[in-house]
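Okay, so we've got the same protein chain twice, two forms, each given alone as structure tokens, structure 1 and structure 2.
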Structure 1
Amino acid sequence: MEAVILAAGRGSRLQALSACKPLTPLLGTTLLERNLRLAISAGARRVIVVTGYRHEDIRQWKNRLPLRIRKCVELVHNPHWSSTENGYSLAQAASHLSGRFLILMADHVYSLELLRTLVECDPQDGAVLAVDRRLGRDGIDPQDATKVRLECGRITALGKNLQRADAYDTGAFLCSTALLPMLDCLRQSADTRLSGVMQTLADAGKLLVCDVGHAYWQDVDTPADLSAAREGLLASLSGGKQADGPVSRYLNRPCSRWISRRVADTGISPNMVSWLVFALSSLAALLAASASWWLTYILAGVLIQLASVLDGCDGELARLRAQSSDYGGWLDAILDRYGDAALIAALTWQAMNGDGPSAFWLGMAALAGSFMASYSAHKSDRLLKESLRIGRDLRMLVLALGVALQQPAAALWLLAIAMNLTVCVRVYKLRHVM
């Protein structure tokens, strides 16, 4: 599958905030980069960005992208952008397309859920349009939005001035190659609107419907729209993650969401947060291992819990900006394991000072259980629905309390039992589902 992002327009209503509308900042990234990353996450192996106004700005933006993203992007310029509509821009990309493809608008904000729902559809020998039946939803100007009329799972009419409408056009299409000959003809047509092409498909009964009313999207034409998109995306953090344990859900997430909202517009990347969490864990381990004053123990405990809270921010920022990646997840997991090892080693050292060399084996049991609990979660989170998930959030809280209260042996005993028991339960349950 390929994707086309239309980014040729001037965007005059947003120029008070940004000279180039597709490169308008939103939560630490740009509208265009967000949609590019989402298209790739939804399965596009190549993304064609059709430029027009300020083409050179977008070319420079492409050159600054990470290599793994940049190699998927191809720029196509519409030299007649000022005198033609978005359908003509799409026609410029026709010769670069070889299979079914997504069409996205650079000035729309989509959720990954919306795109994944759309790409599961079958465009047959036409196209599928993602529509939203929530005509009364906040953030969408009904006078400015493109609306559609539906009948038996197909679109019969679309446009901004429909007298009777059933849904909004979200600006996201999944198209078959049957659309390509129509785009070639559009170059000689007086009507260069994309909606005109889609109306022709609708008249032939070939414009199908994908209802995405459960997913977030926002058309961004004005500063008010941009603010609505920002708040809409930030509101998506309220749900947390399905794999959150009780400590994350009720203690860490409210704090991490508060922090993420305040750093979302900065240049702080998710990977920077992962490294910061590792640095805090290492500092806490150093303080815990060398502490001799009660205030130092408390400070180390506070740092451990702060690291646990911040451990949720990297994923939250990645989801907000559509910057989730296999590398980011892998790096986070690696640094978390090093942080766990440092903290458990520090508590083991303290326990050995009080209880003698036998505490070494207690520390090894806690370390092994902690690592295996994290390793086994990779499978159990996908295959099991644990009513009480034992994970890193609980482990970090136990470590923080064990250090702050100067009870390292008790904390290690609790970790050794809880983590290893969790692994045993997962081994038992997974034998039925793997």
Structure 2
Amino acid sequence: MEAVILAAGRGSRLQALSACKPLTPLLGTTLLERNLRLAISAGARRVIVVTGYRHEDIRQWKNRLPLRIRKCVELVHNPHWSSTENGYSLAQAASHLSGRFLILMADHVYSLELLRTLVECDPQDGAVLAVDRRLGRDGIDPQDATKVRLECGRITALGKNLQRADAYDTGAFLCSTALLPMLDCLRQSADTRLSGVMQTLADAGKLLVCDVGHAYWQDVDTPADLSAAREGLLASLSGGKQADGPVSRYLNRPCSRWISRRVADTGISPNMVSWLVFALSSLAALLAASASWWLTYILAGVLIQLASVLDGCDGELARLRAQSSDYGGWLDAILDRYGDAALIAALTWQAMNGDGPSAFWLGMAALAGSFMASYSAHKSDRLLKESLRIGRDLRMLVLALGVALQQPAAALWLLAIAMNLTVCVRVYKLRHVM
């Protein structure tokens, strides 16, 4: 699949916030970069960005993208951007397209959920438009929005001034190559609006409907729209992750969301947060291993719990900004494991100093169990539904309490038994499943 992002317009109503509308900042990224990353996450191998106004700004933005993203992007300039409409911009991209493709608007904010729903549709020999049936929804101006009329899963009419409307046009299309010859004709036509092409398709009964359900999207034309988009995306954080354990759900997640909302607009990247969590864990380990005063132990315990809270922020920031990446998840997992190792080693040291050298073996059992529970989860997560899952949230709390209350041996016993038992249960249960 390919994707086209239309980013040629001037967007005069947002000029107070940004000279170039597609590069308007939003939660630490820009409207355009957000859509680019979403398109790639939704499965686009190549993304064509059609520029017009402030082409040079967008060219420079492209050169600053990380290599992994940059190599998927191609810029196409529409030299007649000021005298033509968005259909003409799309026509400029047509010669670069070879198969099924997405059309996104640079000035719309989409959610990954919306795009994933759309790309699962089949455009047959026409196109599919993602529509939102929640007419009168917050954040959308019903006068200004493009609306559609539906009949039996097909769109019969679309425009801003429909007499009777059934849904909003979210500005995200999935098209078959049947659209390409129509775009060729459009270059010669007087009406260069994309909605003109789509109306022709609708008249032929070839514009299909994809209902996005409750997936988030927002058309951004004014500073008020931008604020609405920011609030809408921040609100989408509340969902949390399904894998969250109880400590995470009731203690860590509310705190981490509070923090994520406050740092979302800064340049702090998810990977930076992963490194920070690792640094905090290491510092806590150093304190715990060298402490001799009760307040130092308390401080180390607090640092461990703080690291546990911040451990939720990297994923939250990544989801907020559509910056999730395989590398980010992998790096986070590796740094988390190193952090675990440092903390368990520190507790073992603490226990050895208190209870004698034989606590060494207890620490080894806890460390091996903790590692192996993560190591074995790769496969078991997909295949087993574990009713009782001891996640990192709970492990970190046990470690924090063990350090702070100067009961390292108790914490290590708990971890050693629980984590190794988890692995044994998986080894036993998976033998018939895999």
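Just so we're on the same page, rigid core means the largest C-alpha set that superposes within 1.5 Å between forms. In this text, all values refer to a predicted model and were calculated from it rather than measured experimentally. Counting starts at 1 and follows the sequence of structure 1.
Comparing the two isolated copies of the chain, the second one is the form predicted in complex with another copy of the chain. Once the rigid core is overlaid between structures 1 and 2, Leu17 does not reach a Cα shift of 2 Å, moving by less than that. In the core-aligned comparison between structures 1 and 2, the Cα atom of Cys424 sits 2.5 Å away from its counterpart.
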